[in-house]
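Given next, in structure tokens, is a single chain: the form predicted on its own.
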């Protein structure tokens, strides 16, 4: 299953990147393909291309603030979680996405 995600916390420093790492690591363990965009103090990094978004089965927002350029994801199935949940339990997040989307 192909997924895309955006991680963003209010300060946009450590937790944004920790959440991205956890989602990437768990996705690999589960055999999923995932691309993660981070939004924080440095602005948007690893910005997702429209092609990646279009090919994704679902979108994960692990954010404590509003996601920038959210209109890019219009029409996609979006799952929203806290940054802390992505850090502490990425398996639970990806399992929920798998159950609801299939794959």
Partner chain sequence: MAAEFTFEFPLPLGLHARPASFIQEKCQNFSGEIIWENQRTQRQADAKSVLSLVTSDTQHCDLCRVIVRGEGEIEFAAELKAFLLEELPIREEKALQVPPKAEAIVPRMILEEKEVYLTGQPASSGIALGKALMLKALVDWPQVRQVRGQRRAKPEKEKKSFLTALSGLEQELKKGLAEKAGTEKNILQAHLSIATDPAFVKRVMEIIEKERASAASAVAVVAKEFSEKLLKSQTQYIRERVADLKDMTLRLLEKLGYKEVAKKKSELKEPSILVAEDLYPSEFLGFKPGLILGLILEKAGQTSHTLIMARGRGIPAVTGVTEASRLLSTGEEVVVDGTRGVVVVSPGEKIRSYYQKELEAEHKLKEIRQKKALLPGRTADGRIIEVAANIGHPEELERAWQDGAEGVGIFRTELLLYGKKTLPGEEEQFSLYRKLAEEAAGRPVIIRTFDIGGDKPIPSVKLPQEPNPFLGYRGIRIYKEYYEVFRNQVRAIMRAAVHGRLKLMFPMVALVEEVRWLKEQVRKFSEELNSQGLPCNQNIETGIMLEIPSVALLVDKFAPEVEFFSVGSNDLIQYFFAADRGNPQVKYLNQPLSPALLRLLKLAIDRAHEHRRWVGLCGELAGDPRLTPVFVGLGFDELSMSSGFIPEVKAVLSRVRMNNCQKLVAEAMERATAEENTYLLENFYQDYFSEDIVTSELIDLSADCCSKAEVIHKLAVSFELSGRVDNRAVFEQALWKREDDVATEIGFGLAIPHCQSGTVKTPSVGLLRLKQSVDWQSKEGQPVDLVICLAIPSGDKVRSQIQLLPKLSRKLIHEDFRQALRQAGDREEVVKLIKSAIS
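Positions refer to the first chain, counted from 1. For clarity, every value in this text was computed on a predicted model and none was experimentally measured.
The same protein also exists as the form predicted in complex with the partner chain; that form is not shown, yet it is the one meant from here on.
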Exercise. Do residue 21 and the partner chain share at least one heavy atom pair within 4.5 Å in the predicted bound form?
Worked result: yes
Exercise. For residue 30, is any heavy atom within 4.5 Å of the partner chain in the predicted bound form, or not?
Worked result: no
For this session: Using the partner position in the predicted bound form, report whether residue 81 sits within 4.5 Å of the partner chain, counting heavy atoms only.
Result: no
Problem set entry | is_contact(residue 42, the partner chain) in the predicted bound form, heavy atom dist at most 4.5 Å | yes
Exercise. Going by the partner chain in the predicted bound form, which residues of 10-30 come within 4.5 Å of it through any heavy atom?
Worked result: 10, 11, 13, 14, 15, 17, 18, 20, 21, 22, 24
